[in-house]
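Okay, here we've got a single chain as structure tokens, the form predicted on its own, with questions on binding and movement later.
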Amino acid sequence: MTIPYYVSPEQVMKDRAEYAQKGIARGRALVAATYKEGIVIVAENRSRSLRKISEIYDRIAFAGVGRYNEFDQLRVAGVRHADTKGFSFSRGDVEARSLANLYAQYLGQVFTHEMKPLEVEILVAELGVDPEHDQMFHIAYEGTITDENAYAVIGGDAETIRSRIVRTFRRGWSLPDAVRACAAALSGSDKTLGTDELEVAVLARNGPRRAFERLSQAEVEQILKAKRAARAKG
């Protein structure tokens, strides 16, 4: 009789965590931050068609890093859940908190019971009626959910990028200031990201019911160019 190969549960969980972390670390990071009129999300993304930031519902945005096909499946599931809940009850019943909890439960279930964990980290952001009610939830590959305050960083080299945004973040700053700070945090001192390498979207409080808006490459270029011009004059 063959004796089955034994691996302790602790080692299995450790191996799965390392596998997922390596996959996520290979991906490019993104930064989200609140500003005076909403929430801005800036991602390093060289693709013009494969989006890392998307709309889920009226005032809710989704952002993912890691393996694209895996977090895009989560995005689609979130859209379907939000549409169904909004249709069955009311649009006001669709909340980022409940959506983030569902994502956390699913990711935790996959991490615990499946052979291969999902190599993703996701962010769910909801625009409140005022800045005090803005919400951002970071959900990790193993289902851990974190309620972020004012700013969030997910993806590769997150700790280094977080330390940069911590130094520059200001409550109530303008959208251009927020975009420039987020782009600078992603770039660091050793490289400069161009507009063709950035994906930028906002949840704007001064807009219609659907608050999600994607900034064009020309708009991002104008924002970054203003900073470079001011630096040249200085």
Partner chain sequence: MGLPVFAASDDPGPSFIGLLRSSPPLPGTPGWMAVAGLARAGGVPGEAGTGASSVASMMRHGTTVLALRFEDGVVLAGDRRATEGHLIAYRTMEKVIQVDELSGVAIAGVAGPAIELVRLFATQLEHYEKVEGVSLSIEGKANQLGQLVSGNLPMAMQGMVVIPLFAGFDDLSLTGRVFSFDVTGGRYEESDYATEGSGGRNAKSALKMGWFPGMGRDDAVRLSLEAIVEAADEDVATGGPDPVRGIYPTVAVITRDGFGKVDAGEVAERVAGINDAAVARLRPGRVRGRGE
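Values in this document were obtained by computation on a predicted structure and should not be read as measured data. Positions refer to the first chain, counted from 1.
Heads up, the form predicted together with the partner chain isn't pictured, but that's what we're talking about next.
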(request) Would you check, heavy atoms only and a 4.5 Å threshold, whether Tyr57 touches the partner chain in the model of the complex? (result) yes
(message) Using a 4.5 angstroms cut-off on non-hydrogen atoms, would Arg210 count as touching the partner chain in the model of the complex?
(response) yes
(request) Find out whether any non-hydrogen atom of Ser88 is located within 4.5 angstroms of the partner chain in the model of the complex, and reply yes or no. (result) yes
(message) Is Tyr103 near the partner chain? Define near as a heavy atom within 4.5 Å, in the model of the complex.
(response) yes
(message) Based on heavy atom distances of 4.5 Å or less, which listed stretch (160 to 168, 147 to 155, 73 to 81, 130 to 138) is in contact with the partner chain in the model of the complex?
(response) 73 to 81
